[in-house]
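We begin with a single chain expressed as structure tokens, specifically the form predicted on its own.
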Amino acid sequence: MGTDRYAYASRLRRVEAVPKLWLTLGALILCISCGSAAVGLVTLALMGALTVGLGGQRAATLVRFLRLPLAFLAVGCLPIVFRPLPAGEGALWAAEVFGRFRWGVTAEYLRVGLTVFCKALGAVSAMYFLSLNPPMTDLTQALERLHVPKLLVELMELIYRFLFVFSDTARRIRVAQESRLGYQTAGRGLRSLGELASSLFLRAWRQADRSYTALESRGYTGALNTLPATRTPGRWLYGVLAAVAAVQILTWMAERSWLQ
């Protein structure tokens, strides 16, 4: 759970989470709604620069966090680019599958796949700005101030807490399996993985039940109350939001004029 560690070390740690939330949402909505590969790349660059410049995160840290969604997006966009071709349609590259079906890549398929890939990268970059700057406790308090239903906020807090429960339980089981040479061969490793998955839920359930009992013994009545900390308003982030939105819109307009 490295994002929380970086969030607590961020330069924006003492800034109110509400402006950071609006900055992320504004960049995210424009990136998705414009439907432009150029806007997606610009959003990726802008939000990455803000994460490094304002948040004080290392560029290598951001790149490391981007690697997993980058691979996922590449695999996810492959079916968009490589698809069945209607009879007689031209293609940049095509191949016969089982001697009956014609699959290939057209210029339109490539354009759509590239657009989806760049938009998703821009959206991920915007979400990482939110993940690597305000800690989770600040974010839930900001959602409460924005009048998000309290039940939803509390569910978010509990789910977030039990992510650590699942992670710690899985780590302990795997360490025990490795100490008994449970992953020495592929077959043994597959069997150990199945045993881990089957026992993880039961152990995590028991731990969750003990945690709930501990909450009730400390006076839990259905509300998780957290004392608010002193934060700077951070209204200057709304100016950053306006600048980011202006660059995104100008990029979208420039791309449309260039394509026409």
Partner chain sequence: MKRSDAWIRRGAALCLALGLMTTGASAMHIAEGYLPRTWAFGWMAVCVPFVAAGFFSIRRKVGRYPKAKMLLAMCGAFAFVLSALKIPSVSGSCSRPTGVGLGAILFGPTATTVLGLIVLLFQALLLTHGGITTLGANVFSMAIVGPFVSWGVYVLLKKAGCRPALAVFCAAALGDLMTYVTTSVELGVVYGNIGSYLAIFAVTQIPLAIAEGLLTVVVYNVLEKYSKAELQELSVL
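What we label the rigid core is the largest C-alpha set whose atoms superpose within 1.5 Å from one form to the other. Numbering follows the first chain given and starts at 1. Everything numeric in this text was worked out from a predicted model, so none of it was measured.
Just so it is clear, the following notes concern the form predicted in complex with the partner chain, a form of the same protein that is not shown.
Between the options 159, 107, 175, 181, the residue in contact with the partner chain in the predicted bound form by a heavy atom within 4.5 angstroms is 159. Just one of 63, 197, 52, 45 comes within 4.5 Å of the partner chain in the predicted bound form, counting any heavy atom, and that one is 197. Though the partner is left out of this view, residue 250 does not reach within 4.5 Å of the partner chain in the predicted bound form, counting heavy atoms only. Residue 208 belongs to the set of residues with a heavy atom inside 4.5 Å of the partner chain in the predicted bound form. Mapping the unseen interface onto this chain, residue 28 counts among the residues with a heavy atom inside 4.5 Å of the partner chain in the predicted bound form. In the predicted bound form, none of the heavy atoms of residue 91 sits within 4.5 Å of a heavy atom of the partner chain.
No residue of the trio 95, 238 and 240 has any heavy atom within 4.5 Å of the partner chain in the predicted bound form. In the predicted bound form, 136, 139, 149, 151, 152, 154, 155, 156 are the residues of 134 to 157 with at least one heavy atom within 4.5 Å of the partner chain, listed from first to last. Relative to the superposed core, residue 203 shifts its CA atom by 2 Å or more between the shown form and the other one. After superposition on the rigid core, displacement of the C-alpha of residue 169 between the shown form and the other one amounts to 2 Å or more.
Positional change of residue 121 between the shown form and the other one stays under 2 Å at the C-alpha, relative to the superposed core.
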